[in-house]
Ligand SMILES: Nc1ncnc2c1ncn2[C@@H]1O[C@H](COP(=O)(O)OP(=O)(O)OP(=O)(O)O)[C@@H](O)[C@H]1O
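Below you will find one chain, with nothing else, as structure tokens; this is the form predicted on its own, and questions on how it binds or moves follow later.
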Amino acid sequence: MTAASNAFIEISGLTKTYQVRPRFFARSRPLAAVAGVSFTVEEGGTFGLVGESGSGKSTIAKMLMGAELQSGGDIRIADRRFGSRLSAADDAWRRRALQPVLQDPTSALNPRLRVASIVAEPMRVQRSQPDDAAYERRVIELLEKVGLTASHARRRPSELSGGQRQRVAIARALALEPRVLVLDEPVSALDVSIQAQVLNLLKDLQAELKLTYLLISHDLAVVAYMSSRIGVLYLGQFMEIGDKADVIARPAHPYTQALIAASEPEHAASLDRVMGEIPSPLAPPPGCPFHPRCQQAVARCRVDKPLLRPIGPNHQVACHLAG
């Protein structure tokens, strides 16, 4: 890992292991959802986590947010360390400083509440405004910031389009003036015509409010558009990590190359056809975890696990053949 001097988030050797039963009467077995991941996110920057379902992206986000406790490793945000022992003050700070924007705004918004109540809810929980008039003013300010109007405050989620619902979710995430947004597939549930609008909104808000983003997506095109640095996850491990220019323009790992090919419109459905299914994390393959699906694999790949190694100033890859 190349740590940025102005890193706002620093993840070191992060692991998460679950004990699961493959069958009802079977003995529990360890499942390594995240296996020693390290990266940094500079203040005001965007780090993109990309990979297929089951690669560990959302588990990393849950640990960063505090929804899951890591099995090992360090999480540092600003000058605070988050581990198994956590002070009430640090926990309260994280709940305000980090806010999520989730994949499906329909399920994320209470259908019985009007937009004004949805956006005001986190502020009322934290008692961040002095009176009802102040809450109303702040709600209108937030809605206008995300491209909506005061009239939207009186509507319910069912009266809004998908793009408008996601804008409401973003407004709610901004209500407590966070420093980090964790964006978990923020546009995957939206029409393609709306996705670019929401991504541009997020970029504008980041520049205006100096926000730091952790972006999670299976869509490499979205990650490439938004991110300054990218980590490519596979079975809970980084296959490749580096600056966007290196990972996108000079992908060194066969998995990254396959993801890039699959992100092109004419190859959008090609990933499974070319490489088959991702192995079960309950029985990861020996050697390189990607070798059963890799068309470039040699004998060494099947027995010798490659470690991340530098192939450029800010570019690392876990592949025996790269470089």
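Note that the coordinates shown come from a computational prediction; the quantities given were computed from them, not determined experimentally. Don't overthink the numbering: it's just position in the shown sequence, from 1.
Below, we turn to the form predicted together with the ligand, even though it does not appear here.
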{"property": "Site test, 20, 31 and 52 vs the ligand in the predicted bound form, non-hydrogen atom cutoff 4.5 Å", "result": "yes"}
{"property": "Option touching the ligand, based on a heavy atom within 4.5 Å in the predicted bound form, out of 40, 70, 263, 59", "result": "59"}
{"property": "The single option of 45, 287, 281, 254 touching the ligand in the predicted bound form, heavy atom within 4.5 Å", "result": "281"}
{"property": "Proximity of residue 243 to the ligand in the predicted bound form, heavy atoms at 4.5 Å", "result": "no"}
{"property": "Within 4.5 Å of the ligand in the predicted bound form: residues from 183-213 (heavy atom criterion)", "result": "185"}
